[in-house]
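One chain is shown next in structure tokens, namely the form predicted on its own.
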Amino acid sequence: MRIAVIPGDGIGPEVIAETIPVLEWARGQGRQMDWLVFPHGADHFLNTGETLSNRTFMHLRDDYDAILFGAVGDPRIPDGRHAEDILLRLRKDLLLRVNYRPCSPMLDVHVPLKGVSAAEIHLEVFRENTEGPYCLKGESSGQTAMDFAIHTQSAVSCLLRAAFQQAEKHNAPLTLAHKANVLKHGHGLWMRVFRELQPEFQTVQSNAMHADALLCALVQRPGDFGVIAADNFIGDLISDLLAAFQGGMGLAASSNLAIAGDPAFKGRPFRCTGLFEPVHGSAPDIAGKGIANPAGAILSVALMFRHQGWEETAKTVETSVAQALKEGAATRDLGGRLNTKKMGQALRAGLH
């Protein structure tokens, strides 16, 4: 397994630094892997003017199995063009259609919902990752501005089929979050594809809900839901709400995955099929203070191991993190006093 490591901006380098010992541990356990750290981010852009060259992109695409990513976003680049050119390009051009964000709280005390225990919540968001309003197309003139959303049947089908398969595999209910009552064209396509797939997965309890109603229901009765599928925008909002169920953004991990059945792959055999990153972003307000929580980054490594087929290795990492949290390891966001390095050491203490 070859891994490209892109720490990026803000707290990205701080939390990614705490994942490298996890990679070293796994290699010591006999997992065959190597990795290379890439400099791409705000500093690199400001120093060189380069975001992500075509040569570097093709190197990542063709010579690496996975990308371990920190975060991008820096106030020195207010229009965020380097972030768009790096992260959004990797998601789109590597055909990483599925943004997978699991939510399984590890401690009751981290769940902010009254009367709800961690054991009652096991949620998985399947968010379409390349289209929707995040296509970065629009126009403005005078006092009028428009942002466009693009939805294609191929991307929608790829995402929904992956969500149905996950629900079928884990005997979980599937819910499509949509606003087809208002967004009749784009989300109307989502509803049509969803209904076309339902007969193929008759053992899956599946239904569609208006996204606003779903958000309310998730807070009131999260245990009723399992897999949630949504477009790029709605999926982003839902998964950030679910991060709060886990104890905050610092504990949330994610995968950006290419799907083998994607028709766009025909004749384009990319080696790199996954980008793994904590959900929290670059958090420039706390960057450089040594207080960022590295749990989301370390749990993203576990997702990377699982995607590689190393299930026991992934479980060992997750168990180590859970045990450290149970024993009280906490950075400031969790009410504790550990700095990033001490927290990383605590989260890795169970690796053996």
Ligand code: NAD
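Start at 1 and count along the sequence shown; that's the residue number. All of these numbers come straight from a predicted model, not from anything done at the bench.
The next section is about a form of this same protein that is not shown, the form predicted in complex with this ligand.
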| property | result |
| --- | --- |
| Three-residue site P102, G226 and I228 fully in contact with this ligand in the predicted bound form at 4.5 Å by heavy atom | no |
| Selected contact from M106, L95, L87, A211, since only one has a non-hydrogen atom within 4.5 angstroms of this ligand in the predicted bound form | L87 |
| Contacting member of S255, S282, S206, T130, with respect to this ligand in the predicted bound form [4.5 Å, heavy atom] | S282 |
| Among 27 to 35, 43 to 51, 287 to 295, 57 to 65, the region lying within 4.5 Å of this ligand in the predicted bound form by heavy atom distance | 287 to 295 |
| Proximity of A71 to this ligand in the predicted bound form, heavy atoms at 4.5 Å | yes |
| Contact of L189 with this ligand in the predicted bound form (heavy atom, 4.5 Å) | no |
| This ligand contact in the predicted bound form: I11, any heavy atom under 4.5 Å | yes |
| G274, heavy atom within 4.5 angstroms of this ligand in the predicted bound form | no |
